[in-house]
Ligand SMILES: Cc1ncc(COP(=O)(O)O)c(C=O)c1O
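Here we start with a single chain on its own, the form predicted alone, put down as structure tokens.
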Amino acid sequence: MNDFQPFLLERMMSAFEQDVEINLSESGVHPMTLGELTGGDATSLLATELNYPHVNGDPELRENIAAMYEGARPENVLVTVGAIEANYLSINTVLSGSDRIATMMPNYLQIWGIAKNFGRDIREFRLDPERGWALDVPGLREAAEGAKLIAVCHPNNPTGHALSEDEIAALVGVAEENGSWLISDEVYSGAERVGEKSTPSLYGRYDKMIAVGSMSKAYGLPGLRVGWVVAQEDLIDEIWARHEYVAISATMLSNKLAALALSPDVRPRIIERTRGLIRRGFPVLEKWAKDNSDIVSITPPDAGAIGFVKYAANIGSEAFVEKLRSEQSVLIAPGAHFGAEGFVRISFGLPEDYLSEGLRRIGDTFREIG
């Protein structure tokens, strides 16, 4: 137990997110209500029998998920309790013993932490802040040598960087050279800041590919606790066997509501809502950064409702976040929890008044530090 690596970001959020006046630590847009999702008519749900659903996911839901991935069929899909279970099961299906994993940094450190706790050989490669968070391909090639698994977040949390076609080609090429599995956490696909197309999945680019998705980020439905894995059918069956040890299934209602959300009629409406919140919220964050350019700066994210803000104040990110929380009742995420000190992650896919007040308090706290 003494060697256990806690999930620092989620420990902090679990402890404080429900008690602050302004929570800018979340990484998705402002959540939908049940009324918004159902169009105000949830009566059909009243007849739902609250039994176990299909353990691998409701057939309609798996069909809707498969339709989002070129060449995928429902048999290539396993529904999980959030992307967090999907990631956990996937890497512990592929890796064992001291197998090597190469993981992208900065990053949401779930996969990194799981690998550390299970004694895997972890190598890191980075996105470069001096080049707009571009992928460091030579660093990737070095880290991936001998790796059984390469893990990426695309679009990335916390930077919002979506891999370019050249970066994807380089990533796949490195995986092929090493015979590595490739896992891509794609929970922000659909939450693009500009453009009308969703960020393309890496699924179908490579045989040994695992794609992970979720209802939480691009859909504003984190409370459903529904995620999924898309992969080769034989690997899906192996992950499914482990799913039965961990969760058995997501809930019946979550399956039904997720199937509705991803249906051809409803999904476009949800994506439009998500992008609207992101595209209205980012200019608020951007203006605040420009007004305070002597202390903060930001590279505009390609996708996601989060800004990874660099700051010039002489204080560590964890200490700053604690000062902000205790004195201003605002919660944001420290860069140290993503492997990048000197940054903080700020959520902006929120109502303008709420966001603006949070940003004012953050700016005041930076200026107080000097």
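All values derive from a computational prediction rather than experimental measurement. Each residue number is its position in the shown sequence, starting from 1.
Form predicted in complex with the named molecule: not shown, discussed below.
Looking at 210, 150, 191, 153, which is the one with a non-hydrogen atom within 4.5 Å of the named molecule in the predicted complex? Answer to the contact question: 153.
Contact with the named molecule in the predicted complex for residue 225, defined as at least one heavy atom pair within 4.5 Å: yes or no? So residue 225 counts as contacting the named molecule.
Would you classify residue 217 as touching the named molecule in the predicted complex, given a 4.5 Å non-hydrogen atom cut-off? Yes, residue 217 sits close enough to the named molecule in the predicted complex that at least one of its heavy atoms falls within 4.5 Å.
Would residue 87 sit within 4.5 Å of the named molecule in the predicted complex, counting heavy atoms only? Heavy-atom contact with the named molecule at 4.5 Å: present for residue 87.
Hey, in the predicted complex, is residue 82 touching the named molecule, heavy atoms inside 4.5 Å? Yes - in the predicted complex, heavy atoms of residue 82 and the named molecule come within 4.5 Å of each other.
Listed range touching the named molecule, judged in the predicted complex by heavy atoms within 4.5 Å, from 128 to 136, 286 to 294, 153 to 161, 173 to 181: Among the listed stretches, the partner-contacting one is 153 to 161.
What residues of 19 to 39, in sequence order, lie within 4.5 Å of the named molecule in the predicted complex by heavy atom? Residue within 4.5 Å: 27 only.
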